[in-house]
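Presented below, as structure tokens, is a lone chain in the form predicted alone.
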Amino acid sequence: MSGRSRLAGLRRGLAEAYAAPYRRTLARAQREEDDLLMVIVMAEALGVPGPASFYTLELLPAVYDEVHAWHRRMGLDSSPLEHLSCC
């Protein structure tokens, strides 16, 4: 085994040992950030005027696939958008 592969293995092992205790916390923080982005992007469609709506309009097609998981996490039984029925 070469020195580079040993070093790469050590690096992966150390990264795993460091990240393992924080994995759940990091996943929750990622979900919260994703939910905030979804609210910002969907604000105009939900009837909330926002200053960034012009810029976030381009992101709507990218987040349409995630609407179902988002509205379920927010505690809504069905989609809040009238033109998007995912349930």
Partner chain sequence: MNSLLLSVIGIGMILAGYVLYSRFLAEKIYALDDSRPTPAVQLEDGVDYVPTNKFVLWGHHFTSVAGAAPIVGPAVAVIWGWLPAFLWVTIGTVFFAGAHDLGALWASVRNRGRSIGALSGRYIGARGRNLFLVVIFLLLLMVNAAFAVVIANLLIATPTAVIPTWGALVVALLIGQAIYRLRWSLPLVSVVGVLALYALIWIGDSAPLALPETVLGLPDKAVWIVLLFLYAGIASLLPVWVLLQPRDYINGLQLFIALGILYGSVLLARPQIVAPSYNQEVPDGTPSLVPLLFVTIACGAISGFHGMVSSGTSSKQLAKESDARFVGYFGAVGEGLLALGAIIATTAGFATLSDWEETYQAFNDGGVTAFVEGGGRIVEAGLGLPQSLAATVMATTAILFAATTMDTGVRLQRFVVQEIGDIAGVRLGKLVATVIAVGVALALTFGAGADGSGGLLIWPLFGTTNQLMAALSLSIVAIMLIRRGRTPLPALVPLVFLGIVTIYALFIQLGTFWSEQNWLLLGLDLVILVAAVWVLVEAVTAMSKARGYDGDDDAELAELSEAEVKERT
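Keep in mind that what you see is a predicted model, and the values were worked out from it rather than measured. Numbering follows the first chain given and starts at 1.
The discussion below concerns the form predicted in complex with the partner chain, not included here.
Participant: Would residue 26 count as touching the partner chain in the predicted complex under a 4.5 Å heavy atom rule?
Facilitator: Taking the distances in the predicted complex, the answer for residue 26 is yes, it comes within 4.5 Å of the partner chain.
Participant: Would residue 65 sit within 4.5 Å of the partner chain in the predicted complex, counting heavy atoms only?
Facilitator: So residue 65 does not count as contacting the partner chain.
Participant: Is it the case that residue 77, even though its partner is missing from this view, gets within 4.5 Å of the partner chain in the predicted complex, heavy atoms only?
Facilitator: No, no contact at 4.5 Å.
Participant: Taking heavy atoms and a 4.5 Å limit, what residues of 15-29 are near the partner chain in the predicted complex?
Facilitator: Residues within 4.5 Å: 15, 16, 17, 18, 19, 20, 21, 22, 23, 24, 25, 26, 27.
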